[in-house]
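Starting off, we have a lone chain in the form predicted alone, written out as structure tokens.
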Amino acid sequence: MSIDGFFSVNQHNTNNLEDFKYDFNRVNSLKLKNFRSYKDLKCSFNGGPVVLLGPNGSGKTNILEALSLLSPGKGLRGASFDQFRNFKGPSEWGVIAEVASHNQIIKISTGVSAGRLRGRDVKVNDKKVSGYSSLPSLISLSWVTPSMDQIFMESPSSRRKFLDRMCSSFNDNHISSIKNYEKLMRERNRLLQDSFSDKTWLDTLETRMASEGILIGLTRIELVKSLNDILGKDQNPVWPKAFLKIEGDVEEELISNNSDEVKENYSKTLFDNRRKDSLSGRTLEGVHRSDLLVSERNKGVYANQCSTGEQKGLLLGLILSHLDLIAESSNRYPILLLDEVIAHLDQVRRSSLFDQIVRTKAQVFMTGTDVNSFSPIKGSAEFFSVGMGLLKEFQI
């Protein structure tokens, strides 16, 4: 069965977004088939904030996960694609969304059809596309989940992925550059394990790796600089102020040197490291090893030395600043997914978050268990109860 065979798509209006300054990304409708706890779900949204309420295990996060698959990658949980299927149903699963973007309605579908062995299909208006190259230009999403509370304490790879996800909203080609770089690196590693069997091709791979690596590094540098500028000007006293720095040989060299010179040095480093990389079985230096260092601007201490509450504030403040940056740099406002975030905020920060959501008119999907926590936005948000594989809208 085709993932598009699950649904027909109805046309929605764009909620009169032409009157606003930005091209707001919106999800007008979402349809799930055999996805996680949902056998067959159809729901629509009016373009404003959305609150999903229900007890733990009711399927709230599954909705956010489905939405996160409208961007490249494995979604907000980082799960393998075979884990998305409803265990009571067949092996195929599907997600279809009507998205308002660039002042038009776009149908984005993704899923795994019967017999597919690897990856997931992505289609835009029923035409098969590469998710990595097509989705970032159509829709921008950002998210905060409970698992991200430890991001400042985890490995550099977690922070690097977080940085690159922010970069993908800043530069539509960033994820494609990363995928190209990783593919070239895997091929280089294979040749090194094969006793340098084709040195001419090895030279070519390293040159292309350096080219992609420079593009990746430049985008990271530009994003970090722009975020630091916004954070430095932010006068909101509620959120701890982050200061960002990239720790990586390539990025640090790019800050003070010509990119062509850095590219040449990059290629030389890969050449010089062939024996060492061959013995280790992997490429030991490059942009795939960089780290995002975050410190609290006023205290001058790294985030991993801050309290749990301060780390949560740093993360959320950084995400909110990133949304503003994308809006100003691209004239589009991303969609924000907040999984069980509100319950862990004090009253002051909760009020500040709600104020920003209402002020910016962004579409924010939030999950929670206590309806009273969201009462300040009862006139601005849609409320849905979640349970038994269903979403039911209600008024508070």
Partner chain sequence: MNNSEIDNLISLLSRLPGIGPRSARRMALNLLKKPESLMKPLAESLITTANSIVNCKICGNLDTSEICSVCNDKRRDVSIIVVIEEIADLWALERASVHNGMYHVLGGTLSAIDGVGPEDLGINSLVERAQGSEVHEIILAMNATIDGQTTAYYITDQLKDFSVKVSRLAHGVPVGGELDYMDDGTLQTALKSRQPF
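It should be emphasised that the depicted structure is a prediction, and the values quoted were computed from it without experimental measurement. Residue numbers count along the first chain shown, from 1.
Only in words, not in the display: the form predicted together with the partner chain, which the text now covers.
- When you look in the predicted bound form, the only residue of Lys127, Arg275, Lys268, Arg186 with a non-hydrogen atom within 4.5 Å of the partner chain is Arg186.
- Interface residue among Leu205, Ile175, Leu76, Leu227, judged by heavy atoms within 4.5 Å of the partner chain in the predicted bound form: Leu205.
- For Leu191, a non-hydrogen atom is located within 4.5 Å of the partner chain in the predicted bound form, even though that partner is not displayed.
- The partner chain is not shown here, but in the predicted bound form it comes within 4.5 Å of a heavy atom of Thr200.
- The partner chain in the predicted bound form is approached by Asn180, whose closest heavy atom lies within 4.5 angstroms of it.
- Contact with the partner chain in the predicted bound form, defined as any heavy atom within 4.5 Å, is confined among 146-154, 165-173, 244-252, 315-323 to 165-173.
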